[in-house]
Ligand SMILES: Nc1ncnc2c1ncn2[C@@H]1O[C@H](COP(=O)(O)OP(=O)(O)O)[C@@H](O)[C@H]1O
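So this first bit is one chain, no partners, the form predicted alone, shown in structure tokens.
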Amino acid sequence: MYIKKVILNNFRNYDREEFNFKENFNIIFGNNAQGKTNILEAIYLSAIGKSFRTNKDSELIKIGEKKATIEVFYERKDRDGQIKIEIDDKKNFYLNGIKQKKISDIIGKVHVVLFNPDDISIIKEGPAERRKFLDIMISQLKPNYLHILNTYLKTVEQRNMYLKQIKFDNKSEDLLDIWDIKIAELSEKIFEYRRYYLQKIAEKIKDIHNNITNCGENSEKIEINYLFSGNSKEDFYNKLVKNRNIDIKRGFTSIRST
């Protein structure tokens, strides 16, 4: 697939601008602070549903304006498509002119890979950054993964709320099973997705590393290992049960898949 056209209205420093692209390879160039990165940010928004530069949607709207829009036209082997994003008090998403109920409905339509100086955090920072990178990648390839991940996060949030009710309102601990069983099932699915795609990445990384370094059989090798807290719903469930007393005292879930 490739992106044919991007139209921006009141987005960042643009009043209204239209950009047309050719298939295969395009170069965006210009002086500093002219809006090159803003174009990439708009494309990223159409693919992921959020910015890679800010968590505040208000920063995406041109100063002095109340609303911004992004339109991205793309071509795939089987069909053409259009994603439109309206940004005001909240973001609204449209796919081929039809309003979508949630962000996950547009994810996977446009595939992007973003490289920027902050990517070094994947290596230097903690595991949360690596999980975030992996989750974004998998969600583009398999939108159902994003649904599973969001359901998991909501379920953990509900469990945390109930942990506080046990601690402060003497609610029954037995009811934790409702959330523990659900979290264990979702954790297993998340684990399976991540393990599968990490194996794919590991295979590619070895080939790339060998080509760059021209390594022989006895030279250094590069490996990616997935460290996890369990690999089945039974493992996750047993760990949740084992840590219940700790979780009740702390008021949050200590065993996490994300």
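Numbering starts at 1 and follows the sequence shown. Owing to the predicted nature of the structure, the values given are computational and were not obtained by experimental measurement.
The same protein has a further form, the form predicted in complex with this ligand, not shown here; the description that follows concerns it.
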Given 28-36, 222-230, 188-196, 201-209, the stretch touching this ligand in the predicted complex at heavy atoms within 4.5 Å is 28-36
Q. Do all of K50, H147 and N150 end up near this ligand in the predicted complex, with near meaning a heavy atom within 4.5 Å?
A. no
* Asked: Is N13 close enough to this ligand in the predicted complex to count, meaning some heavy atom within 4.5 Å?
  -> yes
